[in-house]
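Read on for two forms of one protein chain; each stands alone as structure tokens, with the labels structure 1 and structure 2.
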Structure 1
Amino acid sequence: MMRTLMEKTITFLSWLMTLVLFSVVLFFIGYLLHKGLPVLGRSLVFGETDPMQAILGRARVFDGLFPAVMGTLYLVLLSTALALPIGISAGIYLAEYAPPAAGRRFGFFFDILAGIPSIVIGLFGFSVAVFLHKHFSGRISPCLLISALSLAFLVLPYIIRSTQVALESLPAPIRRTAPALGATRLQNLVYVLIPHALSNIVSGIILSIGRCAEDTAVIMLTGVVATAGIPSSLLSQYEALPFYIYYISGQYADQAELDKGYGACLILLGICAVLFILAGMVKKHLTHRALYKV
């Protein structure tokens, strides 16, 4: 009797907790939509400037989120481009080449790297910038490039791990097909293993792009500022959406600015949602068949 009572209580509480968790999150998102949707529109992004002129770089946007959106876009593209070759290669090494002992040792480092708080990565990037400033060139200070390098470092372990897991989970019959026909390791990788693992690798990459887009702690130490316009070079300061949201939460002057903050939240959430859905679709639909073209 006691036992069934306990079981019933646990069952009830489990459902209740699930309900609480999802209500909280749905309430958050609902509230965001409620506050942000009315603001969403052309003037939120472009202010008074003509969108075409802004996109072509002919006019500056003073009163909109356009520079922050572009800053985030630059950041994402740069840091992904920096992290991909190293991350994928390291993942390939771990999955296909590393002897077990070396694999475990490297794995330890990458687990630590994955766990280092992003603010510490940001501090590292900041220190490197200061170091370069002192010893090499006075032109170098926290900037877009330093941020992109730091973010690349932040997402590196995710790219390594998703590449490694995608390759390691290929079944033995696929692994030995090409070697039995005289393929070298590299040929096996290029012609068989990577094509078969590609959808999982790409889906991991897309999720790490999401992390680049949303991270605030790394960039706040490495060059993001509240107003900079669209960055003119890799060495200039820049704006970014998540930092804008952080900045507005403490520094808003009036209701209009606060509303823009909600709008920025909605745009950022939208970007992350799109990336999330994209990653799911890639996983489902980008099969290796697409690569072989029959």
Structure 2
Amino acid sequence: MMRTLMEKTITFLSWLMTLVLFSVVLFFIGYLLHKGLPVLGRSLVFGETDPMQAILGRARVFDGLFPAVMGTLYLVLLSTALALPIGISAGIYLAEYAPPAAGRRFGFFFDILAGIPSIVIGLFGFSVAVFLHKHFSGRISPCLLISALSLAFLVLPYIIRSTQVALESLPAPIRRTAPALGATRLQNLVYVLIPHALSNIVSGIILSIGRCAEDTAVIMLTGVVATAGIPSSLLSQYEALPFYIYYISGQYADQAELDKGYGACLILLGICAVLFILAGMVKKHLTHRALYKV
């Protein structure tokens, strides 16, 4: 009787906390929609510039968010592309090849790296830019490439840990079947373990995408500016939606400018949603394809 009552109490509290969390998220999204939807439109993104001319790169947008949207996309894609090979490789090493003692040491190091504040990583990226500018080339300064490298460094622990946990959590029968049939360790990893763990690995990548899209502290110190336009190269400065939201919320002149900040929030959420959906589709396709081959 006492056990049944405890189970019911725990179930009720779990349901209540889930409902509270869902209500808070719903209120937050509803508030952003209430504030941002009225200002959403072509003028918010493109200003007075013709949208097709702006998309084709024939005209610059001076009074819209299009450069910030493009800068955010470039930043997210570049930083994710830089972090993926290193993060997945390190996660595979920790899960499959590292001796127990080395695995514990590296794991502890990556846990510390995950806890470093983003402003510290931004300061490190700024210091790297200053060092390169002074000792290698005067053309190098805080730019898109430095920001992407700093963000890649920021999200590496998420990718490493998600890859490691995804591989280590595979059941023993899956691990032993291929070697029992004569497969080498590398063949077992490539053709069996990674395909079965791919779903959880991609989930970590999705979290990394969101982390890259929302961070402001890193990019403030490594290359983002308010009116840079669309970056023409990796060494160019750029605009980004997180910095625009921060800038406009701290220095708005009237309610109309603040409402543009809410509109920028909705655009940023939309970009993240699109990236998450695309990543989810890739995850589903790759998982099905890999398991089908197995």
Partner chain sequence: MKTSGDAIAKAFFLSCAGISAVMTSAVFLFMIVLGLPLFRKGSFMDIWMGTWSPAEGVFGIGHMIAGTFWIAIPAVVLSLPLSLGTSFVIAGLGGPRLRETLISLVRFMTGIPTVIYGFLGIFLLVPLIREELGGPGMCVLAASMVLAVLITPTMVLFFSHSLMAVDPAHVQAARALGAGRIQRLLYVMLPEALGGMATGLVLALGRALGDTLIALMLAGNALGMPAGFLDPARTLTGHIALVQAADYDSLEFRSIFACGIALYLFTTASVIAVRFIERGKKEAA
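Because the structure is a prediction, the values reported are computed rather than measured. We call the rigid core the largest set of C-alpha positions that still match within 1.5 Å between the two forms. Throughout, residue numbering runs from 1 along the sequence of structure 1.
- Only structure 2 comes from the form predicted on its own.
- Once the cores line up, the CA of Leu234 ends up less than 2 angstroms apart between the two structures.
- Core-superposed comparison between the two structures: the C-alpha position of Leu37 differs by less than 2 Å.
- When the rigid core is held fixed, the Cα atom of Val225 travels less than 2 angstroms between the two structures.
- Structural comparison between the two structures after rigid-core fitting shows the C-alpha of Val20 displaced 7.0 Å.
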